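Take a look at this one chain, the form predicted alone, written out in structure tokens.
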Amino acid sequence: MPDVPLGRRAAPAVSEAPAGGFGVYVHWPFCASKCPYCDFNSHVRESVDQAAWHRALLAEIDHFAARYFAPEARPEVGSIFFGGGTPSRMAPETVAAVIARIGARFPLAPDVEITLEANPTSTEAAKLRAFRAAGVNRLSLGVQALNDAALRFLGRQHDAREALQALDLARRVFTRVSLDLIYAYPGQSAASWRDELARALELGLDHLSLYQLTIEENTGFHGAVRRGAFTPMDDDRQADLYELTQEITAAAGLPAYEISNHARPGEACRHNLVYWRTGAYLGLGPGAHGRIAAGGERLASQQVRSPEAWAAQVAREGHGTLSVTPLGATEVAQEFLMMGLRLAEGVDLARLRALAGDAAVLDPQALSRLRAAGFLALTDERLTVTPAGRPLLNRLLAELLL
């Protein structure tokens, strides 16, 4: 489908309240160093003009609000997520200004979730308190490991002691703190992962994001594997560690609500649920993607990827948008399936039928075969991936989608 022209688009007379919720993602692309496993749009810069980025982010909020939403009927924002990069390297004043401008352009839910990602090396007491005063009420801490050998392999700049100190500090400032860990790296044993996960659970957190190491193209690890510097863990051992992870977290009261995310009841990341439930969200900042429900359409937006090119376009045109593309019924329904099947709750079949219309998106023979194999469960209301199927989700989707 052709892109929506980048001239001013008339705002709809009535703004939809999207099923799945509405959120705002803000991308801060700068880091102190590039981790060898990371394929995100992150960049190392010696210095950042904080004032210029402050102005640019506010300009993008104004642009999206004016272009796609009627002032009298803008959807309620249920979540704001500052991701990166390392957003904890932002000036707290910029975070405060972005939150305030979103609140000036859109109604904020009374219990709006506002998350900021942070690294242990950038979590000092004064700055965390400034972020809390700015309106952030949830911190996602990228610890990645709780043992020093793993942290060195993963290219992190902190050690386990610093990580635990940062966690202690974060919990004294924020009532909601999430911890990220990476596992299934070369040489990791089931016993060492069990011990590390037990240490994480002893911290009493309500949310854990536990990611298996994947070797992505155009990363330091991808080059290292091609050179023969190390061999990734084989699929069978990864599967064993995944099953162990599910057993331990479920027994501790933090079952998986998504493939890699675990939480106590009521503590799931609301912003990520907007993605997985195919809600609508604005994507602000370099390389950010969005899904906009406006004028009876679902639009896929993408911002210019290069930080400098994005900032220059915002200064010149008032936005950093690269493209805005209408999505057809088949695309929307397929996206709903791909995202929703990541969740333990699965996919609402009534909504799937409403999104797909006359389009066929599921292969009925594949559905029957995968159900018989015990990888999928189907009722009159929902389609879900079973625990046996979750580690194989990408393969299942390749078979299932037409």
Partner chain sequence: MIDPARIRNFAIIAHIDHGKSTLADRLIEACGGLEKRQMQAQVLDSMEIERERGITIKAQTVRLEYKARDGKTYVLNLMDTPGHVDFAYEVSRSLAACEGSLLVVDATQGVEAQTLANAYKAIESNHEIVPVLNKIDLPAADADRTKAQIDEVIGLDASDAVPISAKTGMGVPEVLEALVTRLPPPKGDAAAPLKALLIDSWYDAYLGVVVLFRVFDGVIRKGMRVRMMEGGSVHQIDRLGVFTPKMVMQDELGPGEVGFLTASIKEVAETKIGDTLTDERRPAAAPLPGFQPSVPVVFCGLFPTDAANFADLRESLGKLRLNDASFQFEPETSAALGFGFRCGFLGLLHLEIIRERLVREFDLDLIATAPSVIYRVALRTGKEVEVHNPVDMPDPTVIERIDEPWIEATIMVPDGYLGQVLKLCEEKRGEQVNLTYTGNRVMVVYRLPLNEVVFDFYDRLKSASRGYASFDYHVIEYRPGDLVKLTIMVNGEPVDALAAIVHRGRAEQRGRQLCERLKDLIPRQLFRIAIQAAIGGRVIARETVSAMRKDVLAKCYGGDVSRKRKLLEKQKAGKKRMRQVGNVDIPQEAFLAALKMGEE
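Positions refer to the first chain, counted from 1. Treat the numbers as computed from the prediction; the structure is a model and nothing was measured.
There is another form of this protein, the form predicted together with the partner chain, and it is not shown here; the text below is about that form.
Colleague: Please pick out the stretch from 158-166, 102-110, 208-216, 121-129 that is in contact with the partner chain in the model of the complex, where contact means heavy atoms within 4.5 Å.
Modeller: Result of the contact check: 208-216.
Colleague: Just one of 148, 331, 317, 267 has a heavy atom within 4.5 angstroms of the partner chain in the model of the complex, so which one?
Modeller: Contact check passes for 331.
Colleague: Just to be sure I understand the contacts: of 297, 93, 195, 240, which is the one whose heavy atoms reach within 4.5 angstroms of the partner chain in the model of the complex?
Modeller: Flagged contact: 240.
Colleague: So in the model of the complex, is the partner chain close enough to residue 379 to count as touching (4.5 Å, heavy atoms)?
Modeller: No - in the model of the complex, heavy atoms of residue 379 and the partner chain never come within 4.5 Å of each other.
Colleague: Evaluate residue 342 for contact with the partner chain in the model of the complex, applying a 4.5 angstroms cut-off between non-hydrogen atoms, and reply yes or no.
Modeller: Heavy-atom contact with the partner chain at 4.5 Å: present for residue 342.
Colleague: Mark residue 48 yes when one of its heavy atoms lies within 4.5 Å of a heavy atom of the partner chain in the model of the complex, and no otherwise.
Modeller: Residue 48: no contact with the partner chain in the model of the complex.
Colleague: Spell out, yes or no, whether the shortest heavy atom distance between residue 246 and the partner chain in the model of the complex is within 4.5 Å.
Modeller: Residue 246: no contact with the partner chain in the model of the complex.
Colleague: Mind listing which residues of 364-402 have a heavy atom within 4.5 Å of the partner chain in the model of the complex?
Modeller: Heavy-atom contacts to the partner chain in the model of the complex: 369, 370, 373, 375, 390, 391, 392, 393, 394, 395, 396, 397, 398, 399, 401, 402.
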